[in-house]
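Below you'll find only one chain, the form predicted alone, shown as structure tokens.
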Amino acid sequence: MWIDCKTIAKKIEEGVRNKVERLGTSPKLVSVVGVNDPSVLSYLKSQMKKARELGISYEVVEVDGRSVLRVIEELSRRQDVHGIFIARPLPEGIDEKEVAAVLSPEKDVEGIHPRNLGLLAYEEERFPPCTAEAVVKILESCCELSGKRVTVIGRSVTVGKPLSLMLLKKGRDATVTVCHSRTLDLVNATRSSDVVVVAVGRAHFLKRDMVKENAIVIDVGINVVDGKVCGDVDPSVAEVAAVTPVPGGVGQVTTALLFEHVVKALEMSLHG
């Protein structure tokens, strides 16, 4: 069985559109790109199209090398810019910590700044990482999380780590296990879980025999095999569990939440 993520994304987008209309002013998102990668540029085109649909101003700024840091710092100071998106991969020689050092946490709509990540430990989700938040939104639409056993495969700073904190938050109250490449007996963890979230970047990594019947499986992976996009979950898993599709799953909810964050950033700037 496949989980309908399109309806979730559309509901978020409708809320974004309504908020923009009520505010009477257009929030602005600027995407910074430092690597001339066709897949990145394609994604930014789709991002631009979605921004126009939602009434959000949008601009792409192309940079070279270390100038990306200067550009992000300048954009962080501009009052007409409400959200900053930094396309990956970063230019060679630039790391995430350098980007965070010059990025305003108030314009960090991706949720990558240490301040916004740190707030998750205090159960404050001001700007959580969009993909982690998308997983939570999907799960909340599917089930009551309280008491559920959730296994998260992957410990990245954008998905695994923040997601585990968000699922533990009081009111959600999931019981969370985080697994990774050094985990012993991974199958035992996944087969005993009500929910499995896979974010490892390995095509068809999670097999049918690794999940229990009627589990919920969230596929965060995006891989390209033989020219086709696929996830971290083998399609056969959908025969026994509820699975998010790739493409058309977590990704579109993530994009909708990115624009929701842009509107939130504008609201925060207006209300001090």
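Throughout, we count residues from 1 along the sequence that is shown. Keep in mind it's a predicted model, so treat the numbers as computed, not measured.
From this point on, the text means the form predicted together with a small molecule, which you will not see here.
The chain is drawn here without the small molecule; in the predicted bound form, the stretch among 30-38, 215-223, 55-63, 236-244 whose residues come within 4.5 Å of it by any heavy atom is 215-223. In the predicted bound form, no residue of the candidate spot (Ser67, Ile86 and Pro129) has a heavy atom lying within 4.5 Å of the small molecule.
For Ser141, no non-hydrogen atom is located within 4.5 Å of the small molecule in the predicted bound form, even though that partner is not displayed. Among residues of the shown chain, Ser181 is one whose heavy atoms approach the small molecule to within 4.5 Å in the predicted bound form. Using a 4.5 angstroms threshold between heavy atoms, Val196 stays clear of the small molecule in the predicted bound form.
At the 4.5 Å threshold, heavy atoms of Leu119 stay clear of the small molecule in the predicted bound form, well away from it. Between the small molecule and the residues Ser192, Ser104, Ser156, Thr175, the one pair within 4.5 Å by heavy atoms in the predicted bound form involves Ser156. When you look in the predicted bound form, the only residue of Leu90, Ala100, Leu186, Leu168 with a non-hydrogen atom within 4.5 Å of the small molecule is Leu186.
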